[in-house]
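Shown here is one chain on its own, the form predicted alone, set out as structure tokens.
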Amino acid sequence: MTLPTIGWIGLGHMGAPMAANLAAAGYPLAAFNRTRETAAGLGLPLADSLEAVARQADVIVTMLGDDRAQEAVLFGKDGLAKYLREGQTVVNMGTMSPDLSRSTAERLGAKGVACLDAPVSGSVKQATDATLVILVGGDAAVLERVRPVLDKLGKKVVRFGDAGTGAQAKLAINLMLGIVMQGLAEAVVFGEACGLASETLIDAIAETPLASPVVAIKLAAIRAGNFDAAFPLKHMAKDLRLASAEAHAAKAAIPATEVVRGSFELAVADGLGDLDVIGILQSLRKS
């Protein structure tokens, strides 16, 4: 069976290992990154332009940081949409607003191009290990066509409904993550302020029912004083803003999320946005 050629756009912390997994699985690849120097040492076959990606690929995956980047890559001057042809499929695996996910599906659908929003739950380790959970919005038949590709990237693929629902599911999961990270950081700061030994408190938390896999990873990072970004704090702030806007539109009450959003926004304003999400601890320590 001939495998489809995959166009991959976005080779950051998450995109690079995901694209590498597809290459290792034998998929022909045409990869593109807006900052070419970032991609140069990855050992992946690189395309010179978005036009080249569109001309070579059957399925194009975008893994970009926010709505602005996604809009520019797809619909900006010399954007990808200009070169797409009927019968191709675009899969957005970054975390975008549901509004952009829906409008992208509409605009590309008018050109005969299928579209899925398929953001992922997981961080760099899960991207590297191909154990991501992939959250899909879009047509079920389109998902079945590209499922073999997604199966090489994650351990589970879940479809929620029409365009935009994958993005909504990702925001639901990430607002929970934000609250958990805030709670963990506050527990450590509270303990430190009370005079408890941080190491002892961290060891105790690690043995409680609260020590989920993500909490265990972040406890190890706190213990090591390592706040290098696996999931940048600024991206969490962005996701909490998107969740807040979507909740307002849906008339959903998310009071804890609104408080946590303010905390993360303050951390970004304090210049901590490039730290890992658990870098919120450093912001609280400064307060």
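Because the structure is a prediction, the values reported are computed rather than measured. Each residue number is its position in the shown sequence, starting from 1.
What comes next is about the form predicted in complex with a small molecule, which does not appear here.
A heavy atom within 4.5 Å of the small molecule in the model of the complex is found for one listed residue only; from G178, G164, G154, G94, this is G94. Distance criterion of 4.5 Å from any heavy atom to the small molecule in the model of the complex singles out L64 from the list L64, A54, I222, V260. Here the chain stands by itself, but in the model of the complex one stretch of 135 to 143, 198 to 206, 119 to 127, 182 to 190, 119 to 127, has heavy atoms within 4.5 Å of the small molecule. By the 4.5 Å heavy atom rule, the three marked residues G76, L80 and V113 all fail to count as contacting the small molecule in the model of the complex. Within this chain, L22 is remote from the site of the small molecule in the model of the complex, having no heavy atom within 4.5 Å. Contact annotation: G15 falls within 4.5 Å of the small molecule in the model of the complex, judged by heavy atom distances. The shortest heavy atom separation between R34 and the small molecule in the model of the complex is within 4.5 Å. In the model of the complex, no heavy atom of L46 sits within 4.5 Å of the small molecule.
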